[in-house]
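One chain comes next, on its own, written out as structure tokens in the form predicted on its own.
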């Protein structure tokens, strides 16, 4: 894609984000704030895991430290705030940087599994200590504070908090992109590819890894600070292992190999959780299934699909690329519908309430799902997802046949073989 098209798409995306408060309700706007924060957190994590090749399992530590530091800054000076509200994320950045430097100094002396275990231990240590250290973390109830007016803004509405979050996220993403173009940022790629060769060339591999760790922790602290400003509170749950796991899943689902892939994955999965968590208890199962499928069939992440479509367009034309993409979407939706039907039926069938109701009545009562009642003992009920699954499989088989390279005549194939042999 040319530079002008890239700039045009980025400008359109920023304009759309700026217009969201006029288009969305307050609830969806709050979900958009969460998506922006998750996108920044994932991009900060991707700098460490994607560019430097250092897989951290405890990045919630720096997110949480940034959140608590920001809340303390909001409560400082008798509740007047240590800094104006728009500058409070700087406190989260400083806290993430300092704690990231201390933890990263030890963690980056090792690599691979040992590095991952050290990062996990640091996060679990903070998660265990936070409820005990009430002066720093407020015990199990946490610490709350209020956003103070500054620069002519009250920060009492969701719209003002959204624009504050958007400004910090865009600035942070621009700085992360700039870091990747600096000599130090390019050395992180060399560290990922071959740390021993980096040492052989005379570079300080530990220093390069530590710099990536510190910068990643600093931007994770900014994301934590934005979370604290939005919630006006922080508690020890921000150190939970699920927060560290979520940023890993989001980053790899979007694709750590591209700059905006983690942001896309984090935004999609955050919205998925917001939209689906109230509709079904199995939304975490769907999230896990999506992660497994992406890792199996699209290991470069969802952003890799755009690259594959672009390569197909370049080789075979845009008509085939559009047809194949549409076929893949329809086939995926059919297969997903069949899986959702089975999972939701089983979830209701195995629930405690349903089993108690069945025991009282002496039979299996119908299950209400998708606006209809389904008899769980009927074979016809369980045959419903079968045509959906078959349609999905046939669609993917047809897609594979369409993207397969055309078969050449024997004479042309022999000519290509002779040419390859001569070269």
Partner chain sequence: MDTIVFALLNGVIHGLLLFMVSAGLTLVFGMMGVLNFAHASFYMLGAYFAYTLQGIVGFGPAVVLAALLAGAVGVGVERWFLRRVHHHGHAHELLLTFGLSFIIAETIKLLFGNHPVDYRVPASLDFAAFSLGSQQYPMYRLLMGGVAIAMFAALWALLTRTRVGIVVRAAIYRPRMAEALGHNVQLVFMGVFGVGAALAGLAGAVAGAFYTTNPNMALEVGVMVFVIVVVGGLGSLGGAMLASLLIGVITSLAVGVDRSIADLLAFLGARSWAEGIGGLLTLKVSSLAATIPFALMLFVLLVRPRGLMGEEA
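Keep in mind that this is a model prediction, so the values were computed, not measured. Residue numbers count along the first chain shown, from 1.
The form predicted together with the partner chain exists for this protein as well; it is not shown, and the discussion that follows is about that form.
The stretch among 32 to 40, 382 to 390, 52 to 60, 66 to 74 whose residues place heavy atoms within 4.5 Å of the partner chain in the predicted bound form is 52 to 60.
For the residues 201, 329, 310, 346, the 4.5 Å heavy atom test against the partner chain in the predicted bound form is passed only by 346. Among the residues 171, 133, 314, 279, the one placing a heavy atom within 4.5 Å of the partner chain in the predicted bound form is 133. The candidate site formed by 114, 245 and 289 is fully in contact with the partner chain in the predicted bound form, as each residue has a non-hydrogen atom within 4.5 angstroms of it. Interface membership of residue 206, defined by any non-hydrogen atom within 4.5 Å of the partner chain in the predicted bound form, is ruled out. Proximity of residue 219 to the partner chain in the predicted bound form: non-hydrogen atoms within 4.5 Å are absent; the residue sits far from the partner. In the predicted bound form, at least one heavy atom of residue 124 sits within 4.5 Å of the partner chain. Although the partner is absent here, residue 372 lies well away from the partner chain in the predicted bound form, with no heavy atom inside 4.5 Å. Residues of 290 to 308 that come within 4.5 Å of the partner chain in the predicted bound form, judged by any heavy atom, are 291, 292, 295, 296, 297, 299 in sequence order.
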